[in-house]
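Okay, here we've got a single chain as structure tokens, the form predicted on its own, with questions on binding and movement later.
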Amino acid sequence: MAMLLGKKIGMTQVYDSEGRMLPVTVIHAGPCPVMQVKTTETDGYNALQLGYEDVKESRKKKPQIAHAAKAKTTPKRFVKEMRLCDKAEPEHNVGDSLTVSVFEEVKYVDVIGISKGKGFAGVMKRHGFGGFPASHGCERKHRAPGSISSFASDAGHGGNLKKGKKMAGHMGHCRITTKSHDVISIDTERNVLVVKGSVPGPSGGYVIVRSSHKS
């Protein structure tokens, strides 16, 4: 499985060979140095720790600076692990650099990112409730959630609401995975990956790109 860390640049549109317009997302993927190699003998599982985008040493703690120095690189702002099969031995060593070329033979990718935060939202915006009738006699409660009914108490398990009740609350800013994006083009010189469709997060947000599990 191929995986890279990157940053969402933004969306644009391209035309395919048949003249159809496709909405695409441009992602700056890599280069990602291998910060650490984990094996079943040392850590109990196999994994590669990757880093992306340089950051000032003054913004990192000394253990993080020394950890990057072991890989002969600078501290990174975005660091994640790529889990490997327990039976497969890591093919890369500490200090190796992975570029967008790892996706040259990949047709579909999954993209993981943090969605845009919407703050505190009501039930109509957050869950798509229809609201109360906009006619006479509603008494200014058009966007109210209505009765919470038997969900008001979780009998036998305490006085809290039952888990999963749709109510107002914090919306967005959560980890989302969008799957099976078509790989439109790869620019190895600029480390740019163009995929079909939209990916989670705002422009400038960090993302994880991996080869698709399903396709």
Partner chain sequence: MKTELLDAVESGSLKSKVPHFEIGDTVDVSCRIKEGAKIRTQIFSGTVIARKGRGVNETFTVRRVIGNEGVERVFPLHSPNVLDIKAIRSGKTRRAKLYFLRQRTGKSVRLGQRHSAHTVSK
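Positions refer to the first chain, counted from 1. Keep in mind that what you see is a predicted model, and the values were worked out from it rather than measured.
Another form exists, predicted together with the partner chain; not displayed. Remarks below refer to it.
J.: Looking at A47, V183, M35, V26, which is the one with a non-hydrogen atom within 4.5 Å of the partner chain in the predicted bound form?
T.: If I apply the 4.5 Å criterion carefully, the residue I get is V26.
J.: Does the 4.5 Å heavy atom contact test between V199 and the partner chain in the predicted bound form come out positive?
T.: No - in the predicted bound form, heavy atoms of V199 and the partner chain never come within 4.5 Å of each other.
J.: Is there a heavy atom of R190 lying 4.5 Å or less from a heavy atom of the partner chain in the predicted bound form?
T.: Yes, R190 lies within 4.5 Å of the partner chain in the predicted bound form.
J.: Which single stretch, out of 165-173, 58-66, 39-47, 26-34, brings residue heavy atoms within 4.5 Å of the partner chain in the predicted bound form?
T.: Of the stretches listed, the one contacting the partner is 26-34.
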